[in-house]
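Shown next as structure tokens: one chain only, the form predicted on its own.
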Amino acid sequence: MIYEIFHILILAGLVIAAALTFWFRDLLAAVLAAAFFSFLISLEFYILQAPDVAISQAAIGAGLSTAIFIIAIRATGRFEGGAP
């Protein structure tokens, strides 16, 4: 029973994080929402008993990709569209 509730909460968090990633105009906030999405995906993989996939998703998806996006945002503009 508790696992199903935890599953539903993680899946709801995934939908919310994906929507926020699409909705934010501040690129840094969008990257942080995408990192949270990757973290929730790694939790879901761990719950589904795939710890090797969960570790690689956390390292690459939530860690390395987020760092690369933040470096790219720092080199360009922070806000989408031009006006801050």
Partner chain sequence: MSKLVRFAADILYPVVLIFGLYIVAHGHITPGGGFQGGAVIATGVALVIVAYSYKEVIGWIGKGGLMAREVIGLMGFIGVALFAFLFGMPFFYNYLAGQGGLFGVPVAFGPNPGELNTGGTVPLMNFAVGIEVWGGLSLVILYLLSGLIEKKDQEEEGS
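Small disclaimer: the values here were computed from a predicted structure and weren't measured. Numbering follows the first chain given and starts at 1.
Although not depicted, the form predicted in complex with the partner chain is the subject of the following passage.
In the predicted complex, none of the heavy atoms of Ala29 sits within 4.5 Å of a heavy atom of the partner chain. Proximity of Val15 to the partner chain in the predicted complex falls outside the 4.5 Å heavy atom cutoff. Of the heavy atoms in Leu11, none are within 4.5 Å of the partner chain in the predicted complex. Although the partner is absent from this view, Ala19 stays clear of the partner chain in the predicted complex, with no non-hydrogen atom inside 4.5 angstroms.
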